[in-house]
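The chain that follows stands alone, in the form predicted on its own, written as structure tokens.
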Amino acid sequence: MTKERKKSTIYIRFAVGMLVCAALGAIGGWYVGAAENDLFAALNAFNRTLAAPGLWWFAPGYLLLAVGTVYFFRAKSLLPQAEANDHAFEEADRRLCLALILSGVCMVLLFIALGISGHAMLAGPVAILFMVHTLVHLVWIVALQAVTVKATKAIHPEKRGNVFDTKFQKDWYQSCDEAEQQKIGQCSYFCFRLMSTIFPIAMLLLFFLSSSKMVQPGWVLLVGLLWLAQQLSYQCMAYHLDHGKKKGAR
């Protein structure tokens, strides 16, 4: 009986969830239709506000790169002590990890800055500054990642991989022990679950905006293809690991 009640509860929750989503969708659709002109004006104002800072969109990247560089040098100062001192080892490893995280975030911020700043008509000195900022960011990010990985190898000699190699992630993963690979798997699963929640919400929002002619259909296609790439990459790899190995063993 307990198991049956649990199953019933699952189905009831699912049905209630679907009804709530349908109700919210209906309310959202009605609101978008009723306030179409106001929403269109608000969207245009929002876009203008985003583009207004121009090249200042590069500023957050510079800030985080500076912080990441500080973490790197603070970690590097501990490397001579790391081999003999467990506390120094852990602290150096933590700081190097933060430096690598910040450099990865800055790569995303760079593309955001490129997209928003490049939305305006760039010409003359502004165009030159745009290219200079882009180049400085790219060089700084790659350099920070390279020296951070090199320092990490100093305290983890078993690690392999070159950040300038297209197979860096594969080589690095293969050099990790079983516990580290399990952590990578847990992080990947967490990311998959999070994005599996974000993508439907984004697609629903784009549906309302597209149906009201506030955004172009290309945005719906872009987000939909990204969601599809996530789903297919996960499912196809799962199928390959399960059935591909069985087929090869026959």
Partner chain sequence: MPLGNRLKELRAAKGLNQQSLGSLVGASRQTISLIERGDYNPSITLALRIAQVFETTVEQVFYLTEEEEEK
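Residue numbers count along the first chain shown, from 1. Not measured: the values here are computed from a predicted model.
If you look for the form predicted together with its partner chain, you will not find it shown, but the lines that follow are about it.
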item	value
In the predicted bound form, segment of 153-161, 70-78, 166-174, 140-148 with a heavy atom within 4.5 Å of its partner chain	153-161
4.5 angstroms heavy atom contact with its partner chain in the predicted bound form for Ala179	yes
Interface membership of Ala82, its partner chain in the predicted bound form, 4.5 Å heavy atom rule	yes
In the predicted bound form: members of 129-144 within 4.5 Å of its partner chain, any heavy atom	none
